[in-house]
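Form predicted on its own, single chain, as structure tokens, below.
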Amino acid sequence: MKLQFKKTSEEARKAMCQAAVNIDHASQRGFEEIKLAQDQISKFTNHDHVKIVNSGNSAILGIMSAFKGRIMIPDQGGWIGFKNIAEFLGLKTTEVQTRLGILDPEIVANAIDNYNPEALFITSFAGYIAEQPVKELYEVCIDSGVFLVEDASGGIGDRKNHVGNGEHAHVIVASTGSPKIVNVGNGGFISTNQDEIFKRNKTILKILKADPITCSGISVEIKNAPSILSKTITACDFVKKEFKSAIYPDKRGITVAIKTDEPWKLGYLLRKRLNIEGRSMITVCPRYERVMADAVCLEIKNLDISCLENDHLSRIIQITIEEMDNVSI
């Protein structure tokens, strides 16, 4: 079995190549490519205002720099950039208690009352493993006058509109680097309906802006997001049902986490047998970006769409079961 790492679509690659040939940076500066990408992103996030930047971390930096007060983040299942960038900016942070990454709206409401934050930063899927109750969290934030910032790198294109939907978030940030749902190798974006937030950080957003070539790729690749996200979620559901120790077996996600007493040993064995063209699809926990429990994650989101068929997934399941048996011997 040969697994392939997630690739940018041929159409997006062609668009990026064409942009590199056509753009006269001295005169046009790629305004048309940028505007087209902004319009496409706006259609998916239901936000009127979009800024495209050069990476997902730049998107987080760009929006965090607009805040001066305390921010709240999950105690696990978030993105490590939440912590690192807040520290870089000198912002105070509070970690909110979760249930293996999932935030409880009532606990969040109590934390807001206790700490009076300016913003709550979450990811669409806790640790990529399980869907957050984004709408309920947004309602809590609305009632409390707190900005909800959703990192939807793993949730753009949700056909159910549960995640990556600007109707349930004040701000959406996302990476369009590899191997995200919108996968063009680099770039990211910020979207919002409250454009005044961009006025607070105008200078830094200029510094972080993406090039027109990346924008050309985003314009095309984002159209594939609904299909890619749907197929990835379906693939994870297919895999999870074979493991009694799967974390959140009944929740949508794009990574499968399996509890184990010996995560480092199992992770080592799986990495030898499950690799994607020399890259890993195994994450060992405890890990803030996934779950703070003994577990191994099968990063289904890293697989190219061509590898999400049942025959590939069945082989991944078989190998994982074999190595779990070896660990228990």
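Numbering starts at 1 and follows the sequence shown. Treat the numbers as computed from the prediction; the structure is a model and nothing was measured.
Omitted from view is the form predicted together with a small molecule, to which the following refers.
Proximity to the small molecule in the predicted bound form, taken as a non-hydrogen atom within 4.5 angstroms, holds for one residue of 153, 214, 183, 191, which is 153.
Checked against the small molecule in the predicted bound form, the residues 187, 164, 117, 101 give one hit for a heavy atom within 4.5 Å, which is 187. Of the candidate stretches 42-50, 274-282, 55-63, 257-265, only 55-63 has residues whose heavy atoms lie within 4.5 Å of the small molecule in the predicted bound form. Interface membership of residue 121, defined by any non-hydrogen atom within 4.5 Å of the small molecule in the predicted bound form, is ruled out.
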